[in-house]
Structures are given as structure tokens and as C-alpha cells.
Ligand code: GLC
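The chain below stands alone and is given in C-alpha cells; this is the form predicted alone.
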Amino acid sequence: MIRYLLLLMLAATTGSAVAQKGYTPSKENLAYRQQFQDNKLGVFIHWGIYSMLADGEWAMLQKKIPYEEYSKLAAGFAPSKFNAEEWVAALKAGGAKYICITSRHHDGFSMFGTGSSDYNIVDATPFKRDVLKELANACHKQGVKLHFYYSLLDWGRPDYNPKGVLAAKWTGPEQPGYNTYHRFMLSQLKELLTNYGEIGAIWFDGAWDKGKAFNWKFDELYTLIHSLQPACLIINNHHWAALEGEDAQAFERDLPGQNTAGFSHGVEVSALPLETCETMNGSWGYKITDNNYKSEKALIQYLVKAAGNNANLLMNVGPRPDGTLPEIAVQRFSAMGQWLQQYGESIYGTRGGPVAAHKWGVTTEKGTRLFVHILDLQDKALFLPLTGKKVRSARVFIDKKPVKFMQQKEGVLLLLEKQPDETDYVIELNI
């Protein structure tokens, strides 16, 4: 009896520590997990009415704009230059295999035609078009997978945050509670998974707002998703260890196992497919003053590092309020795409290699092929601790020129003709 009471107390304090108890992924789910890992590069799109303020997606909270005033932005939102086909074509040319777009961010505005709230792009704006529907059609047509970001928190709804200073003022006789909000989310998720064709993943965000102890009722959310589309992955950017019921693990602004951004302290890297999301500049949503874009070299090397850490890279772009993608972002994606046309074989379809990441670079592998990605080597020789593995051959990946090597019991020593100065000097070993 004492043990039973302790278990009840533990369940009460941990809330949703187990999100979908006894979850067994379907064959379709396992198949997409593998395809997801093979895809390696995705594009994150943060877009909403906050783009009109040109100050990032957190403008409502950071500027302390009351919901009653902020929500009026919707009446002027008319992205007349939005073209889903052009978006998908440009991002696909950038090497992306999937797109993840914000269906609803923390400000509560839905970027799709939903029957669950009038506060959406079809009913509340003069644009009157469902951009997610158009993007879904373009993705399905061009062979690009579509994922939906979905916020678990809402700054504007009183049933999520009744004490929030920004929340809408409740004028009814009895203020609704979280159960009402939970039913609203279930309704919207059902719409997203039944009205837009095949969806690769639901990417949750915001659970860190109320924390682990809060009962988010993930079991109901996750069960609904997996029942409507068994192949659909559940990814939750909660900054905790992966929960039972989730299909991939997200890392925000960090490679797996690192904590440079402060979001992953003590978070164990799971055996699930991994994904790290990062910005091209310093912002997720469009910010007109943020032109501090990372260089082409930095972005390509970050993609390589992600692959070497057995993770996908979800690289962000924040569209303008008129529906266009910033030219510099398109240029950066184009450069990544051109690089992948040459080196994609060493990235797509690979897994993290047997040699741990070092300052000099990382390794990826595919079958008996080991790709050594040299990013910053201050020498003309490189030792790889490949204990118990025999190297049959070594060559420069791009021109197939043989590379001299010395096989030792502890590993292999690569003898290079020069100190590499390329963005990524790739050596291919046959093991």
C-alpha cells in the first residue's frame, strides 16, 4: 500500500512525464522516422501577424501589448505577395527535404482556416486565404514533406492564462479553465491532421511555460495524433528528456549533448531521431533590424556538424508581412543547396559516424562508407581512433584522388597532401 501511495504521489508531481503510456509506434511511423533521419535538412518557417511589427515573434509579450490591441493587427494582414509554389521551389532548391511552419504561435493567431476560433487568417484578415492549405498543396506537388509547428501556450486566451496581463478580458459569467483550452487544441489538431493531407510531424512548443509538473494531458494529444495519422511524428520542444509517446527529440539552438544556448541542461540524448533548430540570423520571426546573417560557410558547417552528431538541421527563415522570403535568406539556402548538390551523398541518408565530434570536424557513415568531414584542421595529418575496424581504401570525396593512410591497431592515420582550407574537406573511407 505504501509503495502504491508513493507511486500516486510521484505521478501527481511529475504530471506528463509519460505522455502516452505503452505507446508502440506503427510500421508507418517507424518508416517515416527513418526517412526523417535520412532527410537531414529541413526549413523552419516562423510567420504570423507579428511579422507586421517586424520585431520578432515575441513582440506581443516583450512590448507588453494587450491582446485587445495586438489582435487588431489581423485586420491589416494581407500578404499579397505570398506564393506557396515559389516558397517550396526555392527551399527545395536549397536542399531542404521538409518544411515545418508555424500553424499557431504563442500569440494565439492561427495561420489556417479553423472552425475552432475566428482569430485566424481566413476569418480575421482581408487576405481570406488559407496559407497552410496552399503550402500543403505545393509541398505534396513538389515532393517536400510538411510538418506543423503548434504552440501549447497562448498569451491571449484567458482559459490558458487567466492571470496573464496580456490575456483577453473575460466578460462571461464564469471564466473557463484549462480543460476548455485543451479541448480547443484537440479540435485544432484534428483539423490540421484531416484537412491538409499527409503531415510528417506535429512540432510542439511552449510546454516549458508551465513546466513538467503541470498536467498538459499529452496522453490525449498524442493519442489523437497517432490515431489520425499513424506515420506522423510527435516532436516536443519542451527542453526535457524525451517522453514516452514522442517520436523524435528536439534541441533548440544546440547540437545534441551540448548546452550552449542554456535550454538543454542535463537533458539526455535519446535513441530517437534527433533534430536541432537554429536561426540564420538571430531571430525566428521577421525582424527588420536583424541583418546579422550567418555566413554561407557557417551554415554549411553547422549542417555538417548536425549530421555528424546524428541529427537533422531545421534551419529557420522568417517571411516578411507581404509574404516574401528575405532575399539574403534565399541566397543562403541557395548556397547550401549548391553545396549539397556536390556533397549531399556524404550527408543525406547518413548517420553519425563512429568517431566523436572534435574541433577538426565530424564523421558520418552510410553502410561501409565513412565520410570524414574536416572543418578546421591545423595540420596535414589526422588520426582517427577506429579500433577494430580495417580501412580498405581512402580517397578525397570530391575528386576521388587517393589519400595515403597508415593502419594501426588503435586506428588509422590519414596523411594529407595539404592542410585543408575548404568549407568542408571530405575524405571517404571504405571500412
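For every residue, the number given is its place in the sequence shown, counted from 1. Just so it is clear, the model here is predicted, and its values are computed rather than measured.
A second form of this protein, the form predicted in complex with this ligand, is not displayed here; the remarks below concern that form.
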Seminar exercise, completed: Assert contact residue (this ligand, in the predicted bound form, non-hydrogen atom within 4.5 Å, options 243, 192, 277, 135) equals 277
For this session: Could you check which residue among 287, 92, 332, 106 gets a heavy atom within 4.5 Å of this ligand in the predicted bound form?
Result: 106
Exercise. Looking at 400 to 408, 43 to 51, 383 to 391, 370 to 378, which lies within 4.5 angstroms of this ligand in the predicted bound form, counting heavy atoms?
Worked result: 43 to 51
For this session: Please check if residue 203 has a heavy atom lying within 4.5 Å of any heavy atom of this ligand in the predicted bound form.
Result: yes
Exercise. Does this ligand get within 4.5 angstroms of any non-hydrogen atom of residue 149 in the predicted bound form?
Worked result: yes
Exercise. Applying a 4.5 Å heavy atom distance criterion, does residue 208 contact this ligand in the predicted bound form?
Worked result: yes
Exercise. Taking heavy atoms and a 4.5 Å cut-off, does residue 57 contact this ligand in the predicted bound form?
Worked result: yes
Seminar exercise, completed: Restricting to 232 to 254, the residues within 4.5 Å of this ligand in the predicted bound form through any heavy atom are 237, 252
For this session: Pin down for me whether the residue 211-residue 166 Cα distance shrinks or grows in the predicted bound form relative to this form (closer or farther, change of 3 Å or more).
Result: closer
Seminar exercise, completed: What changes in the predicted bound form is the Cα distance between residue 237 and residue 166, by 3 Å or more; the two atoms are closer
